[in-house]
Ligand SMILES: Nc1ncnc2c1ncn2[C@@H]1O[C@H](COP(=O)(O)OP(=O)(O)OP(=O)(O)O)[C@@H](O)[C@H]1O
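We begin with a single chain expressed as structure tokens, specifically the form predicted on its own.
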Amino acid sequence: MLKVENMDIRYGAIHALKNVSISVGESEIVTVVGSNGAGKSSLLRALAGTVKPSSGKISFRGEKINSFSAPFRVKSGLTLVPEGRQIFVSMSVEENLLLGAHSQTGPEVKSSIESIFDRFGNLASRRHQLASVLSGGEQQMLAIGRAMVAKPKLMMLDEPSLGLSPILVEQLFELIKELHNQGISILLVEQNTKLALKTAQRGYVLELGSVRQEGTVDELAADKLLAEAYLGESV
């Protein structure tokens, strides 16, 4: 479904990504793990179309999308739930969801938004309130709901559990599994490496902008150096 080939990203003199190649298949959860500054967010931004790679090829559903704008990528079925949620706190809950439905028209918009309110009761009860009144967990659900309204084929999540309580993290990952069961492919960047490897089928390890290792989650979890670096387990 998604294929990245030999992608480089530069910010002036900073070489953020170096010859990165990854893929995500149909109805697959793939995780990208690595320390802060490894290039994980740069990778997702390039896929979403908000950062332009200096070289490399991005293909989505068999079509090269390097030249596609960010809104057109969303319309094609590729959505990003960014780190920090980036909802519009000066707008209402419903208005935030409407932004996700910008490519739809007529009754389809109402149906899409009502389906989100049916799923998230807390958001439904606050649909006309400013998003600023929502808790951190509710804001994350709103960010995911905004992405869902766009009817994605592949959803990218950048550090979705950041700042959430353990109970909310558990609920969040149950939702990710539910979306996967509905046929949505997931590309997950997550600080909680243990939980990411427990949820995904395959993964990539980014270090200093390069893919150091890839494989099934069982293969990655069995790597002693990886376990020591990212899982907090002593070799």
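Note that residue numbering begins at 1 and tracks the sequence as displayed. None of the values given here were measured: they were computed from a predicted structure.
One more form of this protein should be noted, the form predicted in complex with the named molecule, which is absent from this view; the next part is about it.
**Q** Using a 4.5 Å heavy atom cut-off, are Asn66, Arg73 and Lys153 all in contact with the named molecule in the predicted complex?
**A** No.
**Q** Is Gly203 close to the named molecule in the predicted complex, meaning a heavy atom pair under 4.5 Å apart or at it?
**A** Judged by the heavy-atom cut-off of 4.5 Å, Gly203 is well away from the named molecule in the predicted complex.
**Q** Quick check on Asn181: any heavy atom within 4.5 Å of the named molecule in the predicted complex?
**A** The answer is no: Asn181 has no heavy atom within 4.5 Å of the named molecule.
**Q** Considering non-hydrogen atoms and a 4.5 Å limit, does the named molecule approach Glu83 in the predicted complex?
**A** Looking in the predicted complex, residue contacts with the named molecule include Glu83, since a heavy atom lies within 4.5 Å.
**Q** Is Ala16 one of the residues lying within 4.5 Å of the named molecule in the predicted complex, judged by heavy atom distances?
**A** Within the cut-off, so yes.
**Q** Could you tell me which stretch in 192-200, 170-178, 22-30, 37-45 has residues with non-hydrogen atoms within 4.5 Å of the named molecule in the predicted complex?
**A** Selected stretch: 37-45.
**Q** Sequence order please: the residues of 147-172 with a heavy atom within 4.5 Å of the named molecule in the predicted complex.
**A** Residue within 4.5 Å: Glu159, and no other.
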